[in-house]
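Next up is one chain by itself, shown in structure tokens, the form predicted alone.
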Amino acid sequence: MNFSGYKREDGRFGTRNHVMVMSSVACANGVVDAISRALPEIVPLTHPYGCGCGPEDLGVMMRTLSGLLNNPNVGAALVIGHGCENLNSSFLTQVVENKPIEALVIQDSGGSAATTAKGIEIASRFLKQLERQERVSAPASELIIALECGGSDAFSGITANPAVGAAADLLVREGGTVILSETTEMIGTAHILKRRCATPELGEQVERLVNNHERHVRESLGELAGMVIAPGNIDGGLSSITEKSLGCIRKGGTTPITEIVEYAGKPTNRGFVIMDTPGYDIDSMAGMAAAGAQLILFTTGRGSVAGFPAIPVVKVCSNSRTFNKMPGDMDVNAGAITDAGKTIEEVGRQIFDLALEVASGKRTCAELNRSIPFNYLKQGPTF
């Protein structure tokens, strides 16, 4: 199976060919926003930090932002710095390889208005350069697909999640890679995931990862630890984090787990990979996109509308009621499994075929709506 993508110098393929304009620190967000108002074709990426963090958070921040700039869906990038921050723009440009990238520093470029004008000039030039690039045929094995769920309901674990799992199996059998994240939503399933690992040593790592995270949650929330789910999940019929987790992990399909990676860490093996991320959807997607995922399959029952910058997000709805209520936000109706006689395998094939179409350029609902919320993991205090 093939898709049409943009071949990069490092051999990877992008499913999109975006110019990304990123701030290195929150103080520069206004300039990035101004450039995006003048050039709506670019993908703006702003965030709340870049300064005032301890060493651990600074490392995660650097790994995440540099990973996003290196994502194959980004064809060229411009970084806007402030000039006195911890994470300066020159560092970010130095760690980006095999693509056009430039940086501007507001304090050295004549202030906000002058930097905006220079940024528009640079981004316009990048847009013209990327227009000349054409898609070429690429094997499905070159895809890394991130698996996400949000706004889950009681149907998620019996329709949308297993259907995405069936699609994940199809991609892995083609030689591709899927990433399952959200360690919070693996609580209570360590014994199941352990049995699915390719080696006993990896099984021990998975069990330790999930159990350590559960211990952290219990220390933080005490008696409320078993209820670490959103109010919307409870309204949707879920009763506990374990019940939610049993449905969540079904997105990973049935193939063996080949690797565990840290937040925003790049997989070195193909197949079914687990990434250690929080359950918060936006942080979780950022980690997987920074690892190189070119597409995200996102299941929802309540109707999450969240997309992601530069990465197409396919929304798979768990029930027909929400799908019909939000036709401009949902891409696939997995509710057909319960009320239209379709099998999990049939909807899984539908999702896989749509993923290849999206990888080849078809736009998702989240892209049409320009839904691009962004944040990343931060665990320590702000100074």
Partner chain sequence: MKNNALKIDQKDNVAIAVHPIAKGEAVVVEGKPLVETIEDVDAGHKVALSEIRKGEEVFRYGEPIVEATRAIKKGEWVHVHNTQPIPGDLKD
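Since the model is a prediction, treat every value here as computed from it, not as a measurement. Residue numbers count along the first chain shown, from 1.
Just so you know, the form predicted in complex with its partner chain exists too; it's not on screen, but the next bit is about it.
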item: 4.5 Å heavy atom contact, I241 to its partner chain in the predicted complex; value: yes
item: In the predicted complex, I187 touching its partner chain (heavy atom, 4.5 Å); value: yes
item: Residue contact check: G237 to its partner chain in the predicted complex, 4.5 Å heavy atom; value: yes
item: Residue contact check: D276 to its partner chain in the predicted complex, 4.5 Å heavy atom; value: no
item: One stretch from 292-300, 263-271, 152-160, 98-106 that, in the predicted complex, holds residues within 4.5 Å of its partner chain by heavy atom; value: 152-160
item: R173, R208, H191, R125 - the one with a heavy atom within 4.5 Å of its partner chain in the predicted complex; value: H191
item: Answer option from V32, M330, I42, I337, heavy atom within 4.5 Å of its partner chain in the predicted complex; value: I337
item: Members of 245-270 lying within 4.5 angstroms of its partner chain, judged by heavy atom, in the predicted complex; value: L246, G247, R250
